[in-house]
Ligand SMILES: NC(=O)c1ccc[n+]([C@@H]2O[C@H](COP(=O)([O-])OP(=O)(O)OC[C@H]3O[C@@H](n4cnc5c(N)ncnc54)[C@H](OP(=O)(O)O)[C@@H]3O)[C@@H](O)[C@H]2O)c1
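Below you will find one chain, with nothing else, as structure tokens; this is the form predicted on its own, and questions on how it binds or moves follow later.
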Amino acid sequence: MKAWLIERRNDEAHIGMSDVPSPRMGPGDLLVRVRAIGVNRADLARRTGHYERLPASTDLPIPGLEMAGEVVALGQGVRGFHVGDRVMGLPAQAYAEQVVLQAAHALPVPAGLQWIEAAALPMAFLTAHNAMVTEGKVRRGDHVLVQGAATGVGMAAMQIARLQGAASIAGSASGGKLPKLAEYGLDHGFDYRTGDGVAQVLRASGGHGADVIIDMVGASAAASTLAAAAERARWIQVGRMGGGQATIDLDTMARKRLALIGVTFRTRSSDEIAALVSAARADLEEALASRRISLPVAKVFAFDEADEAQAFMRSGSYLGKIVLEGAKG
């Protein structure tokens, strides 16, 4: 099969396409023909080895963490899936013609969703559901601050907040993005350039502050995140686009009785991921099928344009998901 491999050239990481053996399937696995691949910032990090701890069905350095495709074979003991089923999920090594996905980690693709649409969903919605519902314990009437609202996880989090009866608040350094974000769950948006972001969060929440913070930014927003948090807020640290090292006023954190919780897929066991997928499916499957929740696709690249897709991601000049089509043939 064809797959993209991480290669070292002149002591730098690159990706190149090669012919490689098909992946090995074990008990409880699905062998999936990849029809579309979601491109994520984690794919860029994997070039440096950041995600090498993720389980894989081959020793080859194939990047990619998100895809949608068609089941072509079932491993021993698989129940609930059949050859020909359309599935989506988060396998390791998704930049390939075929992947192995554990059946317990697979989500059915709702009828009517195109492959491109389906490949954009798993990473953002599984991450956001875990952060917002499982860890953030969002409740009806909560005020949710989303730091990094224009990311896929940010847009998914705002839509989940709305499903749960909570109101989402977010700022943008580009005011032109706010109308589009309002289509994806943003209730109270503001332009960071027009004033104090903390004051705007307090104004939007009636002086209460944010009960749940979904933080994709990290260090550069840490001080404002802490200042905008309500008493007994749940601060869920998801991404670190603004850096990974921050100084936090522990006295303020203690006074507010704030819970700071980190989330990642990198250190989860297979059983933990299965539980996460099951919980998200129970809460979101109907909304995904009815398109009450979705993600915009910013740009689609052909399978042989993976390097161009990653370069486009680095540019940051887009809103929504970047998707690769599956290999032709």
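Don't overthink the numbering: it's just position in the shown sequence, from 1. This one's a predicted model, so the numbers in the text were calculated from it and none came from an experiment.
What comes next is about the form predicted together with this ligand, which is not displayed.
Chemist: Please run the contact check for L250 against this ligand in the model of the complex: heavy atoms, 4.5 angstroms, yes or no?
Modeler: No, L250 stays farther than 4.5 Å from this ligand in the model of the complex.
Chemist: So in the model of the complex, does V238 come within 4.5 Å of this ligand, heavy atom to heavy atom?
Modeler: The answer is yes: V238 has a heavy atom within 4.5 Å of this ligand.
Chemist: Taking heavy atoms and a 4.5 Å cut-off, does F301 contact this ligand in the model of the complex?
Modeler: Contact with this ligand, no.
Chemist: For T127, is any heavy atom within 4.5 Å of this ligand in the model of the complex, or not?
Modeler: Yes, contact at 4.5 Å.
Chemist: Quick check on this chain: which one of A92, M123, A118, V138 has a heavy atom within 4.5 Å of this ligand in the model of the complex?
Modeler: Here the answer is residue option M123.
Chemist: Since exactly one of A279, L60, V263, A287 fits, which has a heavy atom within 4.5 Å of this ligand in the model of the complex?
Modeler: None of the other options qualify; the answer is V263.
Chemist: If contact means any heavy atom within 4.5 Å, which of 225-233, 147-155, 251-259, 195-203 contacts this ligand in the model of the complex?
Modeler: Selected range: 147-155.
Chemist: For a quick check, can you give me the residues of 156-174 that have a heavy atom within 4.5 Å of this ligand in the model of the complex?
Modeler: Going through 156-174 in order - heavy atoms within 4.5 Å of this ligand in the model of the complex - the hits are S172, A173, S174.
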